[in-house]
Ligand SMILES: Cc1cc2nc3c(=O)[nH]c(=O)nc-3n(C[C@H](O)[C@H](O)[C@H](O)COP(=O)(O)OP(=O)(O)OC[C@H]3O[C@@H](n4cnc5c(N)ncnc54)[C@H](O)[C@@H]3O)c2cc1C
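This document starts with one chain, in the form predicted on its own, laid out as structure tokens.
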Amino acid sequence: MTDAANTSVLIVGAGGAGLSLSLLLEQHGVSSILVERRVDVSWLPRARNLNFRTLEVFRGLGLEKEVLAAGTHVSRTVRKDSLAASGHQDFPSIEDILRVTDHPEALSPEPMFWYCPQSVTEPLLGAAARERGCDIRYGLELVSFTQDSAGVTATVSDRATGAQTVLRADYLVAADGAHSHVREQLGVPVAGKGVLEEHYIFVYFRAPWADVVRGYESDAVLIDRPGVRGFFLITDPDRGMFLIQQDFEQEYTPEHCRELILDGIGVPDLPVEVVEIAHWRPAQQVAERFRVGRVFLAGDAAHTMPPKLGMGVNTAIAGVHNLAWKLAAVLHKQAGDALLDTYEVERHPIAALISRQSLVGPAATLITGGEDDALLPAEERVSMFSLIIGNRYRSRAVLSEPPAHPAPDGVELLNGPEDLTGVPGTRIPHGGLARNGESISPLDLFDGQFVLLTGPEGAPWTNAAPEAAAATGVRVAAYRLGPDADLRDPDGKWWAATGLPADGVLLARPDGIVAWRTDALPADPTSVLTATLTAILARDS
């Protein structure tokens, strides 16, 4: 066994959550080691569609152009008699079924949905992480861990050689999947419907099928005719997956699966190699706790959901986006430990809601015929806007008046995009600002720092920001909006939408969430801003 290696954060699991967290921590100047039991990135075409909030996170990491270039417009769902058959029947698009808003350009600088499956995003994120100096180690499996008041000690094993290494970290983040070994060792129970009575078979295969999938590379193709029914998902010109709802009267041997695939493709002499047959049942469960001492649960380890709304990886990345800046603030000794508690306070309610809402969805209906509709009554379903961005955090990291009537499930939902007006606990509104003659979204101002925005008469606030930042140790980028100011609000609509006066101010956290606002200009803005940052960062705890 080799001696302990030290790092600030040990991340277990190199899926979308783990890789994104590694990059986010690097942006905040925090070292991490990421260990993954697989020997390489996944080539499976899962987690196919990214939503606009996930794309905004990648935008903040400087990866937006790469992700958009690697993907394409959101995948279609079509029905064909076979892949080789001419023509197809179009189903309503995901964008239409899961409509977020009629005016997407006013909500985000990103497309509402973008096709970029796990087989593409994982290599892209992994390459970016390595280029930026992140420590990513494949083929290492977590064996055990212990924690004490100063950190976490973990033992990992090389799956090829059996050699063990001890790693010492200040914190451990478990992004090790739905069957999380870390969650199990912590003894954290889960709540929800658990494993559902839905039975599917994923058949992964290799075949030179470029000619028959041309024009459908990003689509889900339903083959639906007597004798064969299932979805083809395309990884690349030589690999793919066939998703079948299990028929218990059939035995799914490799030869039978090969016959189904050939029947569905419609080219009888095509060489098809069945690589793996995986029996799978979706699950809906949420860990009762996201934090136990110095260990945090993220992604599927924290919240498992059926893929029916495509929210799994998107919710996972939203969670680590919330966690990363808080870990960084505590590790840089800018914040108190209580700030880390707000990760669970903020993310658990919305993750639980998303997990339950994912019990039903349009894609699954094509397979189940609506048999799963009873899992979530229609009157309890909420909009995709609410799930992605239309909700409000309430925690000590958000300074606002308590709600008059707290939401019964702990999730305060907004009515629509018009409610994104800079209210504390919500994502800062997107809008057409300008800097140095070029259009810019407020989302482009962060780069891992707090952002202060004030109106045309708010110069005392921008003057106060450097002193308040120095007093608390955090970075604060301060901007005044006005005709002769740092940022221009060409038509005045962005600032007007906040409802703040010309000398009002709002302060947003590094994750883009508005943490505080006031319409009163005090006699000593520096003291007020310093006290505000102190409270948000739990420095007084």
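Keep in mind it's a predicted model, so treat the numbers as computed, not measured. Numbering starts at 1 and follows the sequence shown.
Not on display, but discussed next: the form predicted in complex with this ligand.
Item to check | this ligand contact in the model of the complex: residue 49, any heavy atom under 4.5 Å | outcome: Yes - in the model of the complex, heavy atoms of residue 49 and this ligand come within 4.5 Å of each other.
Checklist entry - Taking heavy atoms only, is residue 14 within 4.5 angstroms of this ligand in the model of the complex? => result Residue 14 belongs to the contact set for this ligand.
Checklist entry - So in the model of the complex, does any heavy atom of residue 35 sit within 4.5 Å of this ligand? => result Within the cut-off, so yes.
Next on the checklist: When the contact criterion is heavy atoms within 4.5 Å, does residue 135 count as touching this ligand in the model of the complex?
Outcome noted: The answer is no: residue 135 has no heavy atom within 4.5 Å of this ligand.
Next on the checklist: 177, 202 and 280 - do all three of these have some heavy atom no more than 4.5 Å from this ligand in the model of the complex?
Outcome noted: Yes, because 177, 202 and 280 each have a heavy atom that approaches this ligand to within 4.5 Å in the model of the complex.
Next on the checklist: Just to be sure I understand the contacts: of 358, 108, 314, 75, which is the one whose heavy atoms reach within 4.5 angstroms of this ligand in the model of the complex?
Outcome noted: Contact check passes for 314.
Next on the checklist: Considering non-hydrogen atoms and a 4.5 Å limit, which listed residue (71, 429, 310, 455) is close to this ligand in the model of the complex?
Outcome noted: Spelling it out, the residue with a heavy atom inside the cut-off is 310.
Checklist entry - Looking at 139-147, 221-229, 76-84, 412-420, which one sits within 4.5 Å of this ligand in the model of the complex if you count heavy atoms only? => result The contacting stretch here is 139-147.
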